[in-house]
Every structure is written in C-alpha cells, then in structure tokens.
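This document starts with one chain, in the form predicted alone, laid out as structure tokens.
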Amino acid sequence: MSTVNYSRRLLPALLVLVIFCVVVPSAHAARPAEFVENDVWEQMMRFLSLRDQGVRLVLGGSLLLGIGCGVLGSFMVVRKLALAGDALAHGVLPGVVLGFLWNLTKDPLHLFVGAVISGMLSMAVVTVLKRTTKLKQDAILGIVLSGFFAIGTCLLTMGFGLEAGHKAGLDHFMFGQAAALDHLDIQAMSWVTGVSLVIVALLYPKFLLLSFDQAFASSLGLPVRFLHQLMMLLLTFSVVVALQAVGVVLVSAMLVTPAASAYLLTKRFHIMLVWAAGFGMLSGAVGALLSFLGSGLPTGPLMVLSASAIFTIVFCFSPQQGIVIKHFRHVNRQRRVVLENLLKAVYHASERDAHTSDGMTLLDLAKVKRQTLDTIQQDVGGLVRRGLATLSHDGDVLYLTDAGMSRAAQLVRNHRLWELYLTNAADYAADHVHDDAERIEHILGEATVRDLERRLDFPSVDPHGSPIPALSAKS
C-alpha cells in the first residue's frame, strides 16, 4: 500500500470522526455513571444507539485518543523510544498544573500551552543530558521522568489546597476521567489528531526513514533533528489531549500497547500504523462500553485494560509471533518429522531389496525404530490418513503409496546431498555428517536442493557410497 493510498483511506475516516465530534451540541453532557439500569442488554443497546450525548462525547474522545496514540506510538515503538513517551507523559504534568494556576480555571488554551511548553522542556533536558553525559538513554529518561513528575506532583498538591482546585477536578489529570470530557475537549482532540495525521501522512517517507535508519536519513541530507523534534511535538500534543481521558499515569500505556500489538502482527510499517490505530480505537470503544455497563468503573483504566487484553490475544495467537501458534506449529513439525522418518525407514528397507518391494512389516519397522508396536501402529495411522501409505488387509504390513515413496526418496536425496556438501565444501569428516543431515533433510527446500546439485556437479553417490535418489524418483 503506498503512502498516498494509506493517506486516502485513513484521513477520510478521521474526517468523519472529527465532524461527528465537533457538531455535537455543547449542552451539558450526561455522564456514563448516570445511566444505571438493571438490564445489561438494555444498557448495551442504549450505548450502541448513541442517543445520549455523554456517551457520544466519551466514545468520540476515546476513538480519537486511540487513533492518535496508536499512530504516533508506532513510531515510538519501532524507534525503541517507548520510555520517551512515558517520560513525556509525566513531563507535561507541571505545565498542566501551571496552566491551571495561571487563572485558577481549566481553560483549555492555558492548559494546552503550559503542557506543551513543559513537555518540550522535558525533551530538551533529555537531549542536553544525552549530548553532555555518558549516561544511556534509559537512565536519562528515568531521571527526567521522575524529576518532572515530582515537580508536577508538588504543584498538584498546591492546587489541591485551593478551593478552585477541588472544583476544577485537578486529580483527573493524574488518573483521568473520560466521563468528564466536554465539547471543548472533543474539539481539541479532533484538531490535534487531525493535524497530527495530516503531518504524518505528508512526511511519512521521511519519518519512516528516520525510524529505521537515522544515519542513512542524515546522509541523504534530511533534517533529522528537525524531524525528531517535530515528532516529539506531535507526541506532546497527543499526550496533552489524552490526559483528561486516561491521565498522566496511564497515557503511556495507550501510546505503547496498541502499537506493540500491531508490531507483532506485521512487518510492513504502513500496515502496522493501520493496525495500531484500529487497536487504539477498539480499546477506547471497549473501555467506554465497559465503563457504561458498570456503575462507577473508570473509563481510562478500562481502556488500558482493553488494550492489554488485545495485546495478550495477539501475543498468544498472532500468525507469526503468537506463542500458542508457535507451540502448535512446533508440535506439528515434530509430528511431521516422526512420520517422515518412518517413510525413510521403509525406503531404506526397499533400497536393501533393490526396490523389489515397497512394503515393510510393522514388527520389522518397530525393531528398526526401536519403538513399541503400539507406537508404530499409531504413527502408521498418521501416514495412512495423509495418503502416504496403506496397510495390508491384516494390518501387519505397511506399503508406501506413490506419494509416500516420492516423499521418502526426496528426504533420502536431501540427506545424502547435504552429507556430500558438508564433506566436500565444509571439510567435515564423513563419519560426522549424519546427525546434521538428519536434522536439515526435513526443511531443505527444492530450490536449495537443486542449487546443491549444481554445486556438487550432480553427484550420484554420497560420501558413504550410497546412491543419491534421482529427481525422477519423485512423482
């Protein structure tokens, strides 16, 4: 998917959300906690109908937060700057409180300006320490994070001591309260998210190069420092508008977790951005729904828990990285190796009889494999189910089908070619190559095998003098 197509698909969806949120009437918004009904199904239908303005505000804010944090968090994850997002989230707290103390009101403009200045100052301190000390980045981020958060906590305590501080709900900036979002908050989130996505779409190739190869980007003459500061500025904007919903303590989770989930699903970065935005929106929507269904449950933490649940599912079941999928893939691979070794055993028996027979008794097979007859019978059942072998009427003799004989010949061919390659090209002793070939024979691809044949000048025997099955031995 090109950058242009990515922008065309993502920006219209954002535009719909922005229009939806901005046109919401500015009357007093009802809070999710006010809608307490006994029937969970009725509550869910009421939420999905979006007839309550409070629900529309919370859901719209949650979706916008998920988009912005998911997209910008992806850049942080691939650049290994996840802790920088956490430091930035804590670094804006002093500015937020100072913005309130400026005129003792939660004026969005004052809060926003104060938070941006404080956030950029925290990143400036990180840059200075990085250039002037030998400290590693994680240590620097930890120092800045804790220092600015301590300053913010002290200022917050001062704000709590004022009557206006209690009325304004300053504690919401610490832990968040999505239910307190109003029309002005939604408008600010809409503008910040929209501007951030437009800038990311326009500068996507440069941001992409900066994320994966900063040295190469610098060699091309790109303004690396400016692009980094611009990304930090966009991240600061997103953190500021997310504070009301999830708070300083949890905002870093919304930056990192959806992006981390997307990272496990794909190796293409533009697809990762889409997945991260989708996971962020889903986490926001599920968190808002659960908060609506449960009386007194906080929306912000539920959003983070939803994002964590999504990450857990992806971690377990993603096609490439999922641990459960990896386990089943490993079990299937082990099972396939067992069955293929049976095919080889029958092929070797047939080879000793000059290929006059393609069968072998189960008792002889059990002796060769040094296994019990019951185990052999179970494994042979797997060959029969896969169409690689058949059994005699009395069930005592195993016969390979054409497909089974073809696969057996292929395995033997792979094994003996690899043994010859190790002795000729890697100077292995002939009596030290069997075990290595025993493992590699099951995973060699046909292209690799053909290349081995060309390198070895199409040999006919292995280092031990055993014939290498010709390609014609395969069906």
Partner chain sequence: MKTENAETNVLPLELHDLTVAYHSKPVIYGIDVEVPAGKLVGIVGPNGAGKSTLLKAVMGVLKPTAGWVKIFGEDAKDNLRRIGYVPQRESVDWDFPVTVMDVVLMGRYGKLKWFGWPSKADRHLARECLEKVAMLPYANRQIANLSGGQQQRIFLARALAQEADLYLMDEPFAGVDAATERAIITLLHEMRDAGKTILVVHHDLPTAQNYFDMLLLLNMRLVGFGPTKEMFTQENLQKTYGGRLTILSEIADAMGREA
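Bear in mind the structure is a predicted one, so any value in this text is a computation, not a measurement. Positions refer to the first chain, counted from 1.
The same protein has a further form, the form predicted in complex with the partner chain, not shown here; the description that follows concerns it.
*Asks:* Just to confirm, with a 4.5 Å cut-off on non-hydrogen atoms, which of His228, Lys206, Lys326, Arg336 contacts the partner chain in the model of the complex?
*Replies:* Among His228, Lys206, Lys326, Arg336, a heavy atom within 4.5 Å of the partner chain in the model of the complex occurs only for Lys206.
*Asks:* Which listed residue (Lys80, His330, Arg352, Arg370) meets the criterion of a heavy atom within 4.5 Å of the partner chain in the model of the complex?
*Replies:* Partner contact (heavy atom, 4.5 Å) among the options: Lys80.
*Asks:* With the partner removed from view, which of 379-387, 337-345, 265-273, 87-95 is the stretch that lies within 4.5 Å of the partner chain in the model of the complex, judged by heavy atom distances?
*Replies:* Result of the contact check: 265-273.
*Asks:* Are Val449, Phe458 and Gly465 jointly within 4.5 Å of the partner chain in the model of the complex, each by at least one heavy atom?
*Replies:* No: none of Val449, Phe458 and Gly465 comes within 4.5 Å of the partner chain in the model of the complex.
*Asks:* Would Val128 count as a contact of the partner chain in the model of the complex, using a 4.5 angstroms cut-off between non-hydrogen atoms?
*Replies:* Val128: no contact with the partner chain in the model of the complex.
*Asks:* My question is simply whether Ser219 lines the interface with the partner chain in the model of the complex - judged by any non-hydrogen atom within 4.5 Å.
*Replies:* Yes - in the model of the complex, heavy atoms of Ser219 and the partner chain come within 4.5 Å of each other.
*Asks:* Is Ala201 a contact residue for the partner chain in the model of the complex, using a 4.5 Å heavy atom cut-off?
*Replies:* Yes, Ala201 sits close enough to the partner chain in the model of the complex that at least one of its heavy atoms falls within 4.5 Å.
*Asks:* Heavy atoms within 4.5 Å of the partner chain in the model of the complex: does Ser196 have any?
*Replies:* The answer is no: Ser196 has no heavy atom within 4.5 Å of the partner chain.
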